[in-house]
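Below you will find one chain, with nothing else, as structure tokens; this is the form predicted on its own, and questions on how it binds or moves follow later.
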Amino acid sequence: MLKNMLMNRRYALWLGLGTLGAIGALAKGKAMYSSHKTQDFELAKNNFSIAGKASLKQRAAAKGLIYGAAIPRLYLSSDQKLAARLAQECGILTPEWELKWSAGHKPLRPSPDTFDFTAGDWMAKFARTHRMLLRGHTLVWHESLPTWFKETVNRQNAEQFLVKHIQTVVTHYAGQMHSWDVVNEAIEVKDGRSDGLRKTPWLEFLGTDYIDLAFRLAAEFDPKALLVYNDYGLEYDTSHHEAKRKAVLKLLERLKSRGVPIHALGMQSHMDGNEKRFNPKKLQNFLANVADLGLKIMITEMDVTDKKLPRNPVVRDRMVAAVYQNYLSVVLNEPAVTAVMTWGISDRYTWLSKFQPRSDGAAVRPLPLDSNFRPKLAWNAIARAFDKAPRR
């Protein structure tokens, strides 16, 4: 009965939500998403107003949620304004580079036999100093592998390297981590496997059990941390995203059936400001299916690409804010969702400047704060979503 009531509430929410197509009403000549014209019109009038002066972390905490962001030490240590705003707005910190095998200027794994925790320890100290939770990103990923990996790691020694890495890193931060992205982006349906697994060196060397092994090791060396499987491409109503949702759900079901200590799904949620193929009902059903496995859900890397949106920053900011509001309004209706983290907090420091630049040369504006650390409509949209979210 309770489940039926919950599904009815989800369906009612779906009927009441606008879609990402709603933002099309803001620019002349933009096609409107025909099945949601009423919602489009209402969203165009939305001024994203908020009440009170509470920070994002305070608004999230009031509903039993956590808000935070990812940032590299390079920026955090050199920009006092960034550090101050991050501490003010965020309740949890994700080191963007420092806990990957090899990223940034201070690789965690500079050689096969050495580890350098200098950068990661700096981030951990920053989090402690500002009473923030800390996330670990990431223990197992096919990217950001050191240059020595290809020449050194093979079928005979891959398990030894994986065990040593997880044992050393997780033990070093044991008791300090709120959560770990244990395995990152292990699904790629385009690779053609029936199980949807991505063809990575770890899969080639160790087979499908490398995922089980990674989670069991992480649980052994830090039994208090929340252990997360993290992936992208799960949000939209496209054939690829649908296939990926099915493959991720299949992976999670397999892990749970084998007693693997996995606690949450991380949804990266790198959103597209120009994408209209958003189906609230399908997304809500996927979230419910994950929750039915007894798993928590975390939004781990959210931002909104604006490369195809109008140049006018006023129009663009409203369109980006609409994406945040529509998406989070659906996601936060699921009680299993416990945290929302953006991949960056200020437009001054975003990976999208390099990887998703605008063809007109204008600066990208994908995050809650502008390049001068002032709140934008995206900040308001996130705040409104927290304020309207059910309590956990």
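Note that the coordinates shown come from a computational prediction; the quantities given were computed from them, not determined experimentally. Residues carry their position along the shown sequence, with the first being 1.
From this point on, the text means the form predicted in complex with a small molecule, which you will not see here.
Residue contact with the small molecule in the predicted complex: residue 79 places no heavy atom within 4.5 Å of it. In the predicted complex, the small molecule lies farther than 4.5 Å from every heavy atom of residue 158. Using a 4.5 angstroms limit between non-hydrogen atoms, residue 100 touches the small molecule in the predicted complex.
The closest non-hydrogen atom of residue 96 lies within 4.5 Å of the small molecule in the predicted complex. This chain appears without its partner; in the predicted complex, the one residue of 141, 236, 117, 173 with a heavy atom within 4.5 Å of the small molecule is 141. When you look in the predicted complex, the only residue of 307, 270, 178, 276 with a non-hydrogen atom within 4.5 Å of the small molecule is 270.
Figure note: of the listed segments 148 to 156, 198 to 206, 262 to 270, 162 to 170, the one touching the small molecule in the predicted complex, with heavy atoms no more than 4.5 Å away, is 262 to 270.
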